[in-house]
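Presented below, as structure tokens, is a lone chain in the form predicted alone.
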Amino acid sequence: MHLIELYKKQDFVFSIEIFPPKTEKGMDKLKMTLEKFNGYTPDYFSVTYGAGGTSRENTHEMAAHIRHDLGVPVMAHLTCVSHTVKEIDDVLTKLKKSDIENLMALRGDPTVGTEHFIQPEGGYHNAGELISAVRKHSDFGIGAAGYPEGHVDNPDKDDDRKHLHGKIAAGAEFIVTQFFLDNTHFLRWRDKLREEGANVPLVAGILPPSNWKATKRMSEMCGVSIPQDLAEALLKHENDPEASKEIGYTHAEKQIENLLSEGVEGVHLYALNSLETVKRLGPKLRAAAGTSSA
């Protein structure tokens, strides 16, 4: 089943993103944690892909576990970074054989030690090219990334939206945003895209801020602004981890409440494999999506 079918038949879709650990022990631990995540009945999970494909095999293993052992729809990430066209084709073939039907097609972040993305020799230049290749390969459901404040490499918001329209034209069926901390940016971005004719689901990515240092680092790395009141609160309690976490969860809860009131089509929770995060935010998101899991 393509995930777009969930967005077509439900007013709101609740999804959780995880990342695959690098060790076998870590993978086993996450599989146990996912059993608890699944108690909050997300509509689907997504599994990230390490820079340069460093977690390629673990992404595949975890996605297959979710799909077959948990029986929950899953979306595996795939990036252009460090891969040739042939390598991408091999990954797609393997995913298809494992009955993994949905992909998040991304350009990917620069590899460690580099500041900017470099097109691999014999590889793809951007997400639009990757989406076209996925569409030609097999019948995958395809998601793509959106950036309410503009991609960090392209702060021109108008131009960034043009790239997004290109990804939709290439075959992206829905868009999941990078995390944002101020809903105003998402809502303006959403409304502008609708005015420009984008008619695919636009899903809000939510990442609860955990502390000042981590939030500032992520903000700078992703080009995401921090609301002044949130920054002041996290700074005030930067030496109090529990207070900082509470500030972050409260902020995320308020974001979600506002997004729901604005009729958002889904929330994609960047859980960072944290059971505490899913316990705190999962019930509200599950309630919004209804009592039955697709």
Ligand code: FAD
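For clarity, every value in this text was computed on a predicted model and none was experimentally measured. Note that residue numbering begins at 1 and tracks the sequence as displayed.
There is another form of the same protein, the form predicted together with the ligand; it is not shown, and what comes next is about it.
- Of the candidates L103, I206, L202, A127, A127 is the one whose heavy atoms come within 4.5 Å of the ligand in the predicted complex; the others do not.
- Out of the listed residues S132, N183, N211, Q178, Q178 is the one that sits within 4.5 Å of the ligand in the predicted complex by at least one heavy atom.
- Although the partner is absent here, D160 is a contact residue: one of its heavy atoms lies within 4.5 angstroms of the ligand in the predicted complex.
- Although the partner is absent here, R190 is not a contact residue: none of its heavy atoms lies within 4.5 angstroms of the ligand in the predicted complex.
- Not displayed here, the ligand is approached by Y147 to within 4.5 Å at the level of heavy atoms in the predicted complex.
- Although the partner is absent here, H83 lies well away from the ligand in the predicted complex, with no heavy atom inside 4.5 Å.
- Proximity to the ligand in the predicted complex holds for none of H2, H60 and K96, with the criterion being a heavy atom within 4.5 Å.
- Only one listed stretch (86-94, 212-220, 132-140, 170-178) carries heavy atoms within 4.5 Å of the ligand in the predicted complex, and that stretch is 170-178.
- Annotation for 223-237: no interface residues with the ligand in the predicted complex [heavy atom within 4.5 Å].
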